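Just one chain follows, in the form predicted alone, and it is written as structure tokens.
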């Protein structure tokens, strides 16, 4: 683990921040705080995925409510995800620490290390600022001093190019009072995928059930790599059966998949979400040479595949992870 001088605008703690490098202007001191990742190199042929650790600013133990995010990352970003740190396996750190990982190697590439870390927010749109206000009356609750991890992934190889290197920033805009409803999240991955050279529209579907009752999905997005053709989401009942006649989310773009917002999708009591990924691989492609050149689950874009769902709902019962 390396210690890095990460610039954090600790607005709630009354500390000025920002530094010389700014990808995204931080909120005013009275309006929120920023997590800011400074520039790092992504050499030609490399994939870099780093995990940065931050503490939510404020009086330790006090509630911090957020109802608006802005997320930005350099052109060529693969993803930027923020997680709440829970069980520490082989990945952890103190505020200001960064765990550096490259080319599929290192603890920041191993998703089992954050299997119970709830997702906070995410973006896969490099080169632009995502301005995301939550629905009226909904906020996400944090505790001052709570540890967050910002994970950012850049690829400068054949599938994606990141010539400007890595950068990222996230603004958290705070509320003056607790809202009527708390936001909850679902982060789900299907790790039982295997796409082999010559496969066409190979499809995998699975679901994540919850004990929710009266819950509404208001935002969602999906994630896979360059073999991905189509990603869809539906809702399931307590028995795991799809309930909508058509998916509430569809993406056919792997490198900048859309984030659906302003949704109003009801989850049946005891139900959850299903998600489907279909893949095709050229006959000359090669993922793992030791496994018939097939592409199996993993974080390395060039040689592995993903099938991940990010779902945001209210009112919160819990944050759910399905691995």
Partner chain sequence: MRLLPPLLLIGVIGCGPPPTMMSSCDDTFTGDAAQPPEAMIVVTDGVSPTLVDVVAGAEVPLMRPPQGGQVTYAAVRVRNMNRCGVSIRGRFRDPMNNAELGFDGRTIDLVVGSDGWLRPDALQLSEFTNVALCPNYSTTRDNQGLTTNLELTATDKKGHTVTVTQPVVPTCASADATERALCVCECNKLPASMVRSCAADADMSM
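In this text, all values refer to a predicted model and were calculated from it rather than measured experimentally. Positions refer to the first chain, counted from 1.
As for the form predicted together with the partner chain, it is not shown, yet the points below apply to it.
J.: Please identify the residue among 144, 244, 164, 115 with any heavy atom within 4.5 Å of the partner chain in the predicted complex.
T.: Exactly one residue meets the criterion: 115.
J.: Would you mind picking the one in 107, 240, 104, 96 that has a heavy atom within 4.5 Å of the partner chain in the predicted complex?
T.: Looking at the other structure, the residue within range turns out to be 240.
J.: Can you pick the stretch from 168-176, 96-104, 217-225, 182-190 whose heavy atoms fall within 4.5 Å of the partner chain in the predicted complex?
T.: Of the options, only 182-190 has residues within 4.5 Å of the partner.
J.: Looking in the predicted complex, is the partner chain within 4.5 angstroms of a heavy atom from every one of 129, 133 and 287?
T.: No: no residue has a heavy atom within 4.5 Å of the partner.
J.: Taking 4.5 angstroms as the cut-off for heavy atoms, does residue 248 touch the partner chain in the predicted complex?
T.: No, residue 248 stays farther than 4.5 Å from the partner chain in the predicted complex.
J.: Given that the partner chain is not shown alongside this chain, does residue 84 nevertheless sit within 4.5 Å of it in the predicted complex, heavy atom to heavy atom?
T.: Contact check for residue 84: no, nothing within 4.5 Å of the partner chain in the predicted complex.
J.: Heavy atoms within 4.5 Å of the partner chain in the predicted complex: does residue 76 have any?
T.: Output for residue 76 is yes: heavy atoms within 4.5 Å of the partner chain.
J.: When the contact criterion is heavy atoms within 4.5 Å, does residue 46 count as touching the partner chain in the predicted complex?
T.: The answer is no: residue 46 has no heavy atom within 4.5 Å of the partner chain.
J.: Heavy atoms within 4.5 Å of the partner chain in the predicted complex is the criterion; list the residues of 192-209 that meet it.
T.: The stretch touches the partner through 192, 193, 194, 197, 198, 199, 200, 201, 202, 203, 204, 205, 206, 207, 209.
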